[in-house]
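Just so you know, structure 1 and structure 2 below are the same protein chain in two forms, each on its own as structure tokens.
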Structure 1
Amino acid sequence: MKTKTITINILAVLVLMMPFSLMAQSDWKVSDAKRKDSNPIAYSDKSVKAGKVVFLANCKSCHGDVGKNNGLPLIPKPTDFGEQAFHDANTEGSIFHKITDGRATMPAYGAILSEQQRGDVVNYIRSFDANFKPTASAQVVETPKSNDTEVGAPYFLEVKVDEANSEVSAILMGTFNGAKAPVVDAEIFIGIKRYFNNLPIMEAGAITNEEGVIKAIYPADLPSGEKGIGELVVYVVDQEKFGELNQSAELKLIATHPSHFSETRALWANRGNFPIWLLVTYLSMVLIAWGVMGKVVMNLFKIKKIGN
């Protein structure tokens, strides 16, 4: 009887896992017509850069950094577009329509991003395809900028705060021919330190411009403790390439009476002011748990007594 029950349970687990297994193993294919489509946006350096901005703002949170295989652990796992196998199996038409239509955990971005943005993302993804050669008619040749490829270490991160306009500027510089030079297209986080997670204030997907600068406007009316001083947090996202570059600075925000933080009962208050309902719930669960354990012990003694 026991063996039969175990077998049934194992089969039930396998049946429940089957859809996930099939989903993980199946290929996501589009129709032949969509596969043969061309990207409506011509390939160019400008489009690739624009696609990177859109990718960082909308795709990176699930797919991770391209080539680092650090996407979310979903089923199926989001594709790492640094994998050549993906590019070998997908045309630019396939990628465009997958972004547009979505499937399962992949949202349909047709109603979220414009055709221009989706096409730019396709070009950004295609830039990681070692075998991709854009057609001469589609390729726009732009004058290469020496800063794009030749600026190297050591790198320097500087932060400037314009209190009059509530503006923060993060400047990333590298070294070129022994002199400082701006680093272009680098992702920098700019935020304000909070209790749980830092509050980002830069535009999603923002990257440094040709001067190596990202600017952000901070909410000067943000409540921030009794002294009204907030901590600005700035760091370069790609630490593998640029190293651990981070800066901090004080921001003048809005002073808030301490009663709002310490006297109000809330989940984020100090331990002396946590909610009463949470205390009652916790104590009830503890009492129930001890009661169940006590009942089990009593029954064990009864069983032993009956056996004697």
Structure 2
Amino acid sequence: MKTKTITINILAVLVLMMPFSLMAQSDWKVSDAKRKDSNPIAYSDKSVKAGKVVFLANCKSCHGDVGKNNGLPLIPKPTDFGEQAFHDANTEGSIFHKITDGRATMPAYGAILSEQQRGDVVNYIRSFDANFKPTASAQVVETPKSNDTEVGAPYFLEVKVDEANSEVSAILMGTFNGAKAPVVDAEIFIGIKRYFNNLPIMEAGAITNEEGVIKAIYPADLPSGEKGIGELVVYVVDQEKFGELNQSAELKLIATHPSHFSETRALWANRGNFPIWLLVTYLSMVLIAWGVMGKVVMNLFKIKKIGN
């Protein structure tokens, strides 16, 4: 038994040390042939935007926000793609293959994301490379740059609830030349308040569109108490840029809580709703037992009386 535990412990330690040993081997290099591969998806503004959505949904949880160096404290540490050194050392091909094949704690996304999605992510990552020059053909298809970079503080977050369609829309506006203008490509969290955390209802990686709008459908049949009211929580994720922008709203949900169960006299109901049949059974059993004992004690007094 004991040796078995020790063996398991040793194995566990070995498995846990694998990432260390891999890190110790060398930097993560892909073969030369793969290095020279080009990204199957052409660089374009549209692709970068799509890549951002995929990145937020799949990569952000470990790598953090680009340029903020706030990835998870894993070993080896997930790269922050804002670092120029990364871009200098990696070609499009190597980024694409690293995403596709994965290594150690990094999953192989070849099985999870389509080629299009992986290519979009490469383009998104590449957009942070200061020395990156998209090919001429790519520049042609590039759409005119949106004005989001020029829209600045103060920002305004607005929430609209469409009860008929169970749809929530959040609109993020900023100020441009003294007038309100939509903020594009901003990540916004939309969720429903729970006891310990919020239940996200937006699509993972969703960002605001050209109108600064992000939409989400909420499940109206969430367990929601007797009154069927839930609390909607909306906030902009990037606090550094936008500041603390929160909104909340009341959501009318379908009252799924079967209130009549707690109101009837049931075993699981509260003290006041103790079932009468059980009360009668319980009390009569207690009374019978203690009644018999009372009668016996009376008999004892009788015995004593005779003795006197």
Partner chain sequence: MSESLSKEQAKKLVDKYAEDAIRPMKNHKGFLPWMGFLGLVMVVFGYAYYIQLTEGLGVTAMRDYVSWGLYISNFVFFVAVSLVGMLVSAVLGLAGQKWVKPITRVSEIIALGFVMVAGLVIITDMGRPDRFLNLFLHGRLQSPIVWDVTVITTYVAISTLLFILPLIPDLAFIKKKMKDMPVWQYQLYNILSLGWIGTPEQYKILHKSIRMLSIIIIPVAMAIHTVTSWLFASTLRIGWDTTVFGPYFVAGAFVAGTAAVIIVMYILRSNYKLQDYFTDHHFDMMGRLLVLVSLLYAYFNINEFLVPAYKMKTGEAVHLHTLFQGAYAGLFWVVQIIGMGLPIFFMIFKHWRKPNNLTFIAVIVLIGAFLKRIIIVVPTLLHPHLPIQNVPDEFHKYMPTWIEVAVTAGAFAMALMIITILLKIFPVIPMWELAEEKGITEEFEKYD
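All residue numbers here follow the sequence of structure 1, with the first residue given the number 1. Superpose the two forms; the largest set of C-alphas matching within 1.5 Å is the rigid core. Note that the structure is predicted; figures quoted are calculated from it, not measured.
Structure, 1 versus 2, that is the form predicted together with the partner chain
Only structure 2 matches the form predicted together with the partner chain.
By the 2 angstroms cut-off, has the C-alpha of Ala33 moved between structures 1 and 2 once the rigid core is superposed?
After core superposition, the displacement of the Ala33 C-alpha between structures 1 and 2 stays below 2 Å, so no.
Look at Gln239 and decide if its Cα position differs by 2 Å or more between structures 1 and 2 after superposing on the rigid core.
No; that C-alpha moves by less than 2 Å between structures 1 and 2.
When the rigid core is overlaid, by how much has the CA of Ile288 moved between structures 1 and 2, in Å to one decimal?
Comparing the two forms, Ile288 shifts 40.2 Å at C-alpha.
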